[in-house]
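Quick setup: one chain, the form predicted alone, written in structure tokens, and binding and motion questions come after.
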């Protein structure tokens, strides 16, 4: 089965195609551009990979391309400059097309380059990870890391299409796979109690990488994220709901640094939504808020995601005081303080401005138990 629908983000409209084997649709789209004016940026993993990737991804040998390592260390100005030079040397014109094949890092790098080259060139995403399919390829955010800060440099720029082939997910390592699933769980906590309960029920199917359930999850995640970003492209109001747990998670990520294997982004989000659940319970102190706290811990355990620092398997544990300092420096902070996403009940979230660090410290403490 193939899901194909039109996305609207800001003033832009573009197709999203999700399925198990969608390369015919991809090739048809690419052929609407001049062959000499197409350039592919591909995760270097696929230079060495076996199986269907070599057979079907071999189409990119017909086009100018470059391989870039998919690790977070690749989201840098030197790589941006490298790609710009290659595009210029290959005379890629303003009416050309960039193609991203990879996870969130390759997608962000390609999208940012596309937004800058010739003041904006068309590009498409071919996300290959759960994180990229569920979250990072949708919404128009691009970015480079700089001065040890995540996405300090960036822009808002939409693709002309997104093609999600579920077969890519077979190649993912366990931690990377579940890290992406965490983004879908997070969205269900803030916007859809029925889907949250669905996740509690289907974890065994997700563990087996059942293509039917993965297609359902990715389709639901795409539609749900689009609901938040369509009317709030540049994150002024409703889009902020998507940051549930992220402020706390990014404070933890900052401690471990950009290039650490100790903590995946989705694992940081898992820890972050644990803190957010505790903060919600501290603020509301109701039966519903206690349910959020209990169910959050339950679902993270079902999906092999951490809800305590001890689950990370490292003795390098940040001090609460350092995490608070990191939050104060968060790039989403406004002049009046930090905005936090709080849930009154599963499926019902809102934005709160909290100036009292005492609540934040108590919430963070749940990770040390």
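Note that the structure is predicted; figures quoted are calculated from it, not measured. Residue numbers count along the first chain shown, from 1.
Separately, the form predicted in complex with a small molecule exists; it is not shown, and the next lines address it.
Of the stretches 166-174, 295-303, 76-84, 193-201, only 166-174 has residues with a heavy atom within 4.5 Å of the small molecule in the model of the complex. Note on the partner interface in the model of the complex: the residue among 260, 285, 88, 212 having a heavy atom within 4.5 angstroms of the small molecule is 260. Residue in contact with the small molecule in the model of the complex (any heavy atom within 4.5 Å), chosen from 247, 158, 136, 289: 136. Taken together, the three residues 280, 344 and 347 lack any non-hydrogen atom within 4.5 angstroms of the small molecule in the model of the complex. Contact annotation: residue 103 falls within 4.5 Å of the small molecule in the model of the complex, judged by heavy atom distances.
By the criterion of a heavy atom within 4.5 Å, residue 226 is excluded from the residues contacting the small molecule in the model of the complex.
By the criterion of a heavy atom within 4.5 Å, residue 120 is excluded from the residues contacting the small molecule in the model of the complex. When the small molecule is considered in the model of the complex, residue 72 lines it closely, a heavy atom lying within 4.5 Å.
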